[in-house]
Each structure stands twice: as C-alpha cells, then as structure tokens.
Ligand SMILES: Cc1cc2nc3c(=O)[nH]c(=O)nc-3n(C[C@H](O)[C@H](O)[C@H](O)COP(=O)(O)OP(=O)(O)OC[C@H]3O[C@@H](n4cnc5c(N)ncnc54)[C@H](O)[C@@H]3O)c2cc1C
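This document opens with one chain alone, in structure tokens, the form predicted on its own.
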Amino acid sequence: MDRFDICIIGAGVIGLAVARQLSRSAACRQASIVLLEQEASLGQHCSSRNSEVVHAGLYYPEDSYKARFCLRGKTLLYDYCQQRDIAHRRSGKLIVAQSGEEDALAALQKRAGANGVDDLQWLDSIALQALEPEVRGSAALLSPSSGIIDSHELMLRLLQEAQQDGVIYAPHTRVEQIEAGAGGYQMHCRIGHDADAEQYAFKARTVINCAGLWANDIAGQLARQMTDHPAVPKLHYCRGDYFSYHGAVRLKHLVYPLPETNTRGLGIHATLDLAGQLRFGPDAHYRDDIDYGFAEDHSQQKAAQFARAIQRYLPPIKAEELQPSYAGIRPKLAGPQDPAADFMLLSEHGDAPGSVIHLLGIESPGLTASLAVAEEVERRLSL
C-alpha cells in the first residue's frame, strides 16, 4: 500500500496554500505530500464562486481567527501577487451608511481599529459624492487597502509552486472513508467518475482536511472513531447569488452597504472584476443542498429584489439591466438564528506520529486569509 507523510484533502485556495506552505517548510522538507481534489480541476466551489475581494479586516470580532488571519493574509497576499505578477488591484472599498446608520458605521470603524486596521477614512455625504458621484449616503468609510484579485490565477500559481517542490496533485480523487489507526490514517478514495472510477487506498501519517463544503463530513468520520476527538459542529449551506450589470453605471471603488445585523453576510454589494465589469451580490439564504443553478422565473424576481436593495446606495440601478451571473455556497458554522461563527481549526494528535487538522467553516474572508491560514497549519504541525 502506498504511503505518504501528509495528505491534504481539497484543492481550493486553502488546500493549495497549505500544500505550497508545507512543501517549503523546514519541518516538512523531506515529507511526501499528496493533494487530493474530488473535481476535475482545482477550486471549483467556494474558491471560485465568491466576490474575489481582498478584505481589509473590518468586520470581525477582535482577536478572532477571521480578524487575525484576514489582516495577516491581506499583507501576505498582496506581497505574493506583486512578486509574481498575479493580476490584482487595490481598488479601495466604500462602506456606505444611510441616514440613521451613522452610529453603526462609527461602531464598524471602532471594531476595525481594534483589529489593527488603521487606514480607514471617514467621508461625509459631500466627500462621498465627490469620490463616487452616483453613490448616495449620509456618510461612508473608505478602506484603501481593500481590493480585488484574479483568484484562478492565484490558485494556479500556488499549485505550480507546490508541484515544483514535490507535492503530488491528484484530481478526480474523492475521499470516501478514513480509518484511524496506529501511526496514521488509511484513506479510501474513488478515482475517476462514473463507469471508469476505481477504488484506491493508501496510508498517510498526517491528514489536513481542507475540504470546504465537505470538511465537516470528513471530520465527523474521524470523530466517530476516536473517543477524544474534538466535537464537530454542524455545517450549514448558505447560498449567495451574483448578478452582472449591463447598464451605464460606472464605479471606481467597491461599494458595500453596512453589513447585515444577522450572521448571513455583508449585504448585496457592488464589486468590479479586473476587466471593469460591474456585478452585485451576494444575497444569503440557507438551504439543504449544493445547487448553483438559476431558474428563469426566480431570477427575474431575484433581480427585482437586488435592485431594490442596491438602489438604497446606488439609485441609478435598473432591475432589467441585471443578469444572473453565478452562485456560491458558503460553509457556515452558524445557522440562520445563531450568532456569527469564527473559523474553526481542530487539531488532533493520534498515535504518534499521526495527526489531523480540520479547517472548518472557512467562508469569507477565506480567500484573503488563505496564506495566513497556511502559516498556522505549518505552526501546528511543527509543535
């Protein structure tokens, strides 16, 4: 039976960042590393179905994983993209308050300061309109360190560097069962699809679970086998839709409303891709399955809902100019009525030298935080 020192499950941006980090780590330099991906290519779910925004670290509770990894990850990500000429732009972001929301905006500025974000600028309505003539609000925060990135180009570069350092990349490989045993884990996988699929098993000393929407299922398998395994929370699927805009509205910055008071998201915001295409989203609604499709009649109704929300801060928007673009599913650890949940990193040391690390609930700002999360995984493996 084949044996690897480290098995990483999931080739989204987190798994790719971890693979690259460990392949260059002094502690893992001689280790054999395999990176498994159930799809035909990398980053097909959370990592490619998001806003591609580099977040500044404004929203998250002080000293939370989200706050710490976002702030550190932002610096690492910009440096990485600059050094490797990966497409990105520090476009800046506006968080816009309407009349009566100024106190909430000030509270957001205070939270950002507690997280170490010290570059926010307060704008009154006149300064806001001078900066973005079509945006309306009573006040706004300008975050100059927020930006956008080509997430696919980033993931391809992370994979390339990991493979150059010896990581074996195995797409079309789905983990179906894991058995904990002396000195590690036996991985039972399905390689390929449909009639051509084959069973493949191997042993791994260490498992890094970066499986995103499937990470809690994998963690649950091991929890049932190990009496001292940390409890695995329930995962909730939260879908968000995105619409592209084909009207005449032009923006220079990302534009966000104040974040929602519940745990669902940051509100329907305006983002720009690197080609200048304007798009809006995501909204947020919980569901029981993973489905990215758009029904035509539902899309028309959704476009009208989007337009009403967007017109609060961008009045010229017209529903008929909104076209369905794509949808994403966020892996949330908080249900619809629960308080917001942080990232969860569960570490378990089995019979030496085996160990496992589960990365659970890695939603936004996971893209921004990816390189910092990888550093933390390396640190835990070095203990």
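Start at 1 and count along the sequence shown; that's the residue number. Just so it is clear, the model here is predicted, and its values are computed rather than measured.
What comes next is about the form predicted in complex with this ligand, which is not displayed.
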Close approach of W214 to this ligand in the model of the complex, 4.5 Å, heavy atom:
yes
Indicate whether I9 is a 4.5 Å heavy atom neighbour of this ligand in the model of the complex.
yes
Distance check, N115 to this ligand in the model of the complex, heavy atom within 4.5 Å:
no
Is G137 part of the interface with this ligand in the model of the complex - any heavy atom within 4.5 Å?
no
The one option of Y245, Y242, F306, Y185 with any heavy atom within 4.5 Å of this ligand in the model of the complex is Y242
The unique member of C210, V96, L158, A270 whose heavy atoms fall within 4.5 Å of this ligand in the model of the complex:
C210
On the criterion of a non-hydrogen atom at 4.5 angstroms or closer, are R49, V53 and E363 all touching this ligand in the model of the complex?
yes
Among 119-127, 170-178, 295-303, 200-208, which stretch sits within 4.5 Å of this ligand in the model of the complex, heavy atoms only?
170-178
